[in-house]
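Next come structure tokens for two forms of one protein chain, structure 1 first, structure 2 second.
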Structure 1
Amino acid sequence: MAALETPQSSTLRQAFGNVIKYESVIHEFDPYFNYRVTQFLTKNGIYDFWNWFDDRTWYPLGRVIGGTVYPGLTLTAGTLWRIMNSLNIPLSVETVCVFTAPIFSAFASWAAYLLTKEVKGVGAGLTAAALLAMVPSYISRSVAGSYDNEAVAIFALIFTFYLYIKALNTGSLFYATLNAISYFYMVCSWGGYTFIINLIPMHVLLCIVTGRYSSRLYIAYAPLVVLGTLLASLVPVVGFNAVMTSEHFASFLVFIIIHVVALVYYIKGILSPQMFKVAVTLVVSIGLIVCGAVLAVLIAMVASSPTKGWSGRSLSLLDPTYASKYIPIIASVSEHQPPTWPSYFMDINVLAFLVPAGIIACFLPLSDASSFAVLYIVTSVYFSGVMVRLMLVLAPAACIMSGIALSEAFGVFTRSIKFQLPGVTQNSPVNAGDTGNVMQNDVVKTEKSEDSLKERPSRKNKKKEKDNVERATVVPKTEKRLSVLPLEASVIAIFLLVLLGAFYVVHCVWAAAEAYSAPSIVLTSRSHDGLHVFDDFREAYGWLRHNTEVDDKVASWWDYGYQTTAMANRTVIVDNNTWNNTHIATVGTAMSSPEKAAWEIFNSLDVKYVLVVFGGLVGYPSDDINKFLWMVRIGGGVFPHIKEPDYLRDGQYRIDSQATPTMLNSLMYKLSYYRFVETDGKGFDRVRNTEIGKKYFKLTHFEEVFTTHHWMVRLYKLKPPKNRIRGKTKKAKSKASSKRSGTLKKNPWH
């Protein structure tokens, strides 16, 4: 157990690195929302949290928070905070939130050890845990400050799998129940729980089809479906979806099948072989009828729902081209893009080389547990190929497989060296006994599981079997002693493997320190004259908090919604929870329209301030101009007068003098480049690397109120509506009051 400390402490050390580098801040976008929810929870208690209606976002619609968030992360952090406070350790909520992810990554590493131990023994388990502690893909979600659902969900995922395998290996109802509870925690934490509820049934089906049915399988599976589904439907955000949507149907179908199969096995046990043959025909025909009926019901239910019961995200996994065709809002997120091969090298690094060896090792010999591991890696690697964010689900599987491969390879090579070292050859019998013990563990394990697959219907035979196993192991022990590889080649092989491992460690340290620990709210850049810190976002949110009214509404693209509500405490129109496409399209349309039309849209939404992010001065590439085409696309999806080709010159997106007039007149262009030419006299955009097309212009309906130090965030205020018409001053004056009420009437929400 002492060895286990190492991977965990290394996880923690890597995860805290960025706190030292920056400060204790929360990263990115979604974590700010989670932080805000946690604050609410700790202040108002769980019942208020459950019933929380948030009027600070999605103005004027608002959002029911309690019923639409996965509460696992928030409740975990809230509980941690409460425990700490009751122990008289006064931590702020923010500190607890920042450090939740690293703590859970240590747990995940421990869970990976347990899972791999069940599959291939202690050695493989330790290696896998060590690999998981560093794997860059998971580091990206478990650095301090990355306070997101995945932080706790990956631990829950691995732990649920471990409990399933444990229940499968032992046939114990205790572990099966724990498994259901762990599954409940996973459902609370992350939408990715559907991966579990499809993967486990798939494995069960696979076991049945390949003739590996056993009562242990039944014990491991049936409680999960019954208890798990009941518990899952307790989570408000899931509710009746747990029985109504197609993502869950696979588990019910397999639940029926496993009962049919269990019945067949039971009848087989009590009947003579001849009687059984008669019974088979009977049972098969009845089973077919039942299955047919259930299938018909399922198909009818599925066909009655518009998306065939599948949510868009799941559909885009099965039919990878689905999202890019039909749902721009999913396709627009960079996390949902399919990865290219360098992504694998970045995210799992050398593990990509080792996984195939692990897959093969799992087949030699194949057990229930190792077949599950194979199924896990195969499905997760496929899904990661469709969406880059699912690399996170692949990472633990890759670690487990590589752990198995590395541990086996090291086992073989070290054994070869040990038996053939010149001084040791004479004493080999003695030493062989030593190493034999280590090896024996493995052998016993695999033998045991192999035996148990077919011929262990109940616990009664357990003792008898153990005797068998012990007798059986004597033979392979002697065999194994002979099978070694040449000494010098083994030495080179070990050297190369260590080199590979060292490369992995260096890469992971680099990834943790440089690539994945940037909080993206505070940016840094290194140049010849030292380190530059860009703290513009917090500057802008701070300005909003101090200089605007509490009830003012701020419009921005949805990426900045969570941060604005959490840090500036102002109401936003749309935020990162993209539940209402029309609302987002309205903002997209406003950003793509000319100033007057945009002003009208924003005014109808009671917007007072507009926030745009602009990277042209400092070369910050993920700014609003680069996201602009998505605003056009999403806006055009709902409001057809916005057409993408109007913004493209010969299919190319450009902002220089060749840009289309629609582009140059759009609100986004104007707000981003207003007065930009004053900075260097030429208006050179460092992100797009061109001079901008339209340099001198005035704003008619908006006025600039604040621009941050590096121009990264620019805030504009909507000018009040004009109440007189030039040239008709006298007439207009008398009509001014009526006109005003006219414009107000236009607003549908008053």
Structure 2
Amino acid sequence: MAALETPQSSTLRQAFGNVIKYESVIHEFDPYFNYRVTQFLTKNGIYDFWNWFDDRTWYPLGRVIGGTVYPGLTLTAGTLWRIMNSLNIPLSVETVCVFTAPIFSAFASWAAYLLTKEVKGVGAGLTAAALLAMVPSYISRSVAGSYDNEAVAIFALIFTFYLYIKALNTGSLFYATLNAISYFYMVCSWGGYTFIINLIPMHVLLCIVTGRYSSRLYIAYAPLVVLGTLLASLVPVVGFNAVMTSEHFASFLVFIIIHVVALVYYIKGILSPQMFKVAVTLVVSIGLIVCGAVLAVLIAMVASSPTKGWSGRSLSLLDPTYASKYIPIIASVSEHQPPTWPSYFMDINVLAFLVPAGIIACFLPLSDASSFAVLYIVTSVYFSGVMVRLMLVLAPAACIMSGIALSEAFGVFTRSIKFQLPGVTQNSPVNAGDTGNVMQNDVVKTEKSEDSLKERPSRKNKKKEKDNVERATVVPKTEKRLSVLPLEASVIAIFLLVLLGAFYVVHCVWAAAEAYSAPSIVLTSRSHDGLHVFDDFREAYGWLRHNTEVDDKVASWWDYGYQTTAMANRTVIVDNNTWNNTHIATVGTAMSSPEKAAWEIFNSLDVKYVLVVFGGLVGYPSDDINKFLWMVRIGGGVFPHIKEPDYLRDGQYRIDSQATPTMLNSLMYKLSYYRFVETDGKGFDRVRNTEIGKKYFKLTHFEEVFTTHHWMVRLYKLKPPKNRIRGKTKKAKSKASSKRSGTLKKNPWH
């Protein structure tokens, strides 16, 4: 345990280092919504939380918060806050939210130790826990201020897997019940719970197909499906989806199969071989009929759905091209893009090279627990290759496999050194035999436990098995010596492994300090004249909060909706929930339209201010100009008059003099580059590395009201409609009456 203190303490320093460097602030965009919901929960109570209708989001539609959020994170932080206050520790809600993720990262390391211990022993468990405590992929979601669902969900994921393996190894109904409760907590915390309810049935089916069925397997799986599904349906955001969507059908199908197999094994124990064949034929026939009926019902239930009961994100995992073809709102999120090869080295570093060795070690010998670990790593590698966000699911699996590989390697090398030490040479055969027989004893004990659970042995059989175990412990001296590596090779190998671990620690500390600790709302950059801090986001939200009316509506791209509502306390049109594609397409259409048409759309939505993020002056790449094509695609998916080729010149996205007139006249272009030429006289965009095409223009329907210090956030106000002049109105009416009626006012939505 002392060896684990150094990496964990360094990781804790990195987890809390961002608080010391940047102050206690919440990171990213989604955590601000979670923080706002937690504030409401602690102030108004649980019942008001379930019934909360938020009229400050998705105007004019609103949103039922209690029925559309995963409440696990909010309820966890709210409970921690109440416990602290009951102990007379007066912490603010924000402080509790900031430090929830680091607290649960420690719990996740503990859960990783328990899970790996069940698979390969204590040594592998300690190593896996130390690796998970430092892995950059998990640190990105567990640093102080990362108040997102994954902060508690990864712990719930690992702990659920541990309880499943524990129930599988012991056959205990107690652990099986705890497994269902842990799964319920996972359902409350994150939509990734579908990974659990599909991975465990896959493992159960694998055990059945490979002839490893036992009563322990039934006890571990059946309560999870029955009790876990009932509990999951209690979560409002899930509800009847727990039994109605295709993501859950695999668990029900395997549930039927395991009952058929259990019935076959039961009949086999009470019938003669001849009667057993007849009974098996009957049982299998009935089982096939039941399975066919269930499949027919399921097919009928999902046939009416265009996605056959699958959610858009699930289809994106099964078919990586689905989102880009049919749901651009999902494809537009950077976390939903496939990762690059360097991102694997960045997020899991040397673990990528240790995972294959861990997989091989799991086959020596193969048990129910080790086969689950192999299945876990294989599926997580696939899903992480589809979506960069799911690197977070790969990280625990990679740490478990790497911990097994390092533990086995250290065991072999240290045993070889111990066998060849001069002072231990005489006793080495006995010691080596004792050490070398641990694995064989485990194999025999595993086989013995499996056989004893399939059929109850008599005392005579137990005595025979004991004799077999004692005979198996006798290993020839020549075999012991063959399993020992040369002394020099063992010493060099241990030195290289220690060097590899040191490199991993250095990389993890650097990644935690430089890449994953900086909050996205406060940006920094280094140059020859020192460190520069960009606090433009909070500057803009503060201006909105102090200089606008409480009921004013703010339009922006959906990325900034949560922050605007939480920090500026103003009503937004769209936010990061992205539940209504048409509403988001409306905002995208307005941003893609000319100024007058955009004003008509925003005015119809009662918008007062428009917020635009622009990084051309300071070189901030995640600005709205770089996201603009997604606005065009999403808007064009609902409103056909918005066409992406109109914004491209020969298939290229340009903002210079070669840009298309549609691009130069779009509202996004004008709001981003209005007065930009005044900064340097040229209008040079540092993100796109080019001079803008349209430098001098005036706004007719919008007026600039605020631009932050570094021009990163720009706020515009819609001008009121011009007063109609009486003479011009009469003249216009006379002209209109002279023409044929039929020219209607243009609909701003089309």
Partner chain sequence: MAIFPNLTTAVPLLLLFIFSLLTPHASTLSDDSIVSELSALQSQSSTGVIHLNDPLLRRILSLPTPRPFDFLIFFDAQQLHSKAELSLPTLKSEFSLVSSSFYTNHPDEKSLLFFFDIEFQESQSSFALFAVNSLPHIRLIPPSAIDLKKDSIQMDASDFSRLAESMAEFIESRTKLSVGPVHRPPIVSKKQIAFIAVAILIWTPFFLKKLIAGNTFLHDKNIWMAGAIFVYFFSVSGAMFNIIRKMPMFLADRNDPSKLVFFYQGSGMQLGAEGFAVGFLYTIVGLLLAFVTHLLIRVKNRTAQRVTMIIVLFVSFWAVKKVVFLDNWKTGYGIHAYWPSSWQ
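Counting starts at 1 with the first residue of structure 1 and goes up one by one along its sequence. All values reported here derive from a predicted model rather than from experimental measurement. In this text, the rigid core denotes the largest set of C-alpha atoms whose superposition between the two forms falls within 1.5 Å.
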{"property": "Label of the structure corresponding to the form predicted alone", "result": "2"}
{"property": "Residue 256: Cα shift of 2 Å or greater between structures 1 and 2 (core-aligned)", "result": "no"}
{"property": "Core superposition between structures 1 and 2, C-alpha change of residue 178 at least 2 Å", "result": "no"}
{"property": "Core superposition between structures 1 and 2, C-alpha change of residue 289 at least 2 Å", "result": "yes"}
